[in-house]
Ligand SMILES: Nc1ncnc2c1ncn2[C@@H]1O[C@H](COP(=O)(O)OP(=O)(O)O)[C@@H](O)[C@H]1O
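Shown next as structure tokens: one chain only, the form predicted on its own.
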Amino acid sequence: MTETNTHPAAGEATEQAGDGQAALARVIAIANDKGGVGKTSITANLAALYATAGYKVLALDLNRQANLSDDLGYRGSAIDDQGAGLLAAIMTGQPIRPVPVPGRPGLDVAPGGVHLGDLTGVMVGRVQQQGRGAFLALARALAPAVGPYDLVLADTPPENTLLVDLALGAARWLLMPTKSDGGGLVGMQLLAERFAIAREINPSLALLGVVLFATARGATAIHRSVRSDVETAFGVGSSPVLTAIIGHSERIAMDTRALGRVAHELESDAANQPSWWEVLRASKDTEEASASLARRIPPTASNVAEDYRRLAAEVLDLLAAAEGATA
């Protein structure tokens, strides 16, 4: 079926998106063109922390791999439609219909998954017919749904520019995780270019900040170098590197994905598990004891959980300061 060009071009779309963008004032896209820099981990941990603190939160999963469903523990559950609902809303312009995440009061999700792969061909055709205004499709579907929410966090995929552009078209803020290695910084520079283009249709889009992910907490010289790279990519003074950083812990990342438990929940699990000597005493079999000890949550969970708590607080402080400045 051939689509007709019924939507406005970029200039007209910017004018007509005004009311919708006002509704999307607390939508944060978490993006970097590079994979493995913490986008999903940050989305899951911030969403769960804010919900635990009493905020009403919507997590939007634009990743066809749907790793957010692993981190928040709903993969394969009744709500996991593998992105079918999100795909339908974007294609038809009907409001997104979020669903509650089981066992997580205050947290709803628009699940991602394999169905989002069908968006690529659709968006290519729409852009050819409608121009960049086509990338407001997610904004149109999201705006009518965000009323109940204090925060909306959108997890984006790596190296899928069409889906990232949809997120940037719908977001008020960009939060960009990066590692201090070359790959993460290249991804950041590529995203900076897409950010500038996205502002043509979504002029309210702004950079909330850059988060250093899986880095050594005391590597101040490296952090200064990254700050310089950020300022080069986005403009001096316009792109702060947040003071909160997420330290490296491969084991915590693995446990989160395997158990569907975010860092502050793993911290609680670690505090409540029996001590190592109690495990040895209770076990009559050496192999059984070794297996039990291998499954223990490491004490580093508390360090990572504290990193995320600091990040969550700093993000709220930045939002409050930005909103106060425009009030």
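Every value quoted in this text rests on a predicted model; they were computed, and no experiment measured them. So that there is no doubt, residue numbering starts at 1 and follows the sequence shown.
The same protein also exists as the form predicted in complex with this ligand; that form is not shown, yet it is the one meant from here on.
- Heavy atoms within 4.5 Å of this ligand in the model of the complex are found in exactly one of 193-201, 141-149, 246-254, 108-116, that being 246-254.
- Of the candidates Leu207, Ala214, Ile96, Val226, Ala214 is the one whose heavy atoms come within 4.5 Å of this ligand in the model of the complex; the others do not.
- Checked against this ligand in the model of the complex, the residues Leu58, Val262, Leu46, Val37 give one hit for a heavy atom within 4.5 Å, which is Val37.
- This ligand in the model of the complex comes within 4.5 Å of no heavy atom belonging to Ser69.
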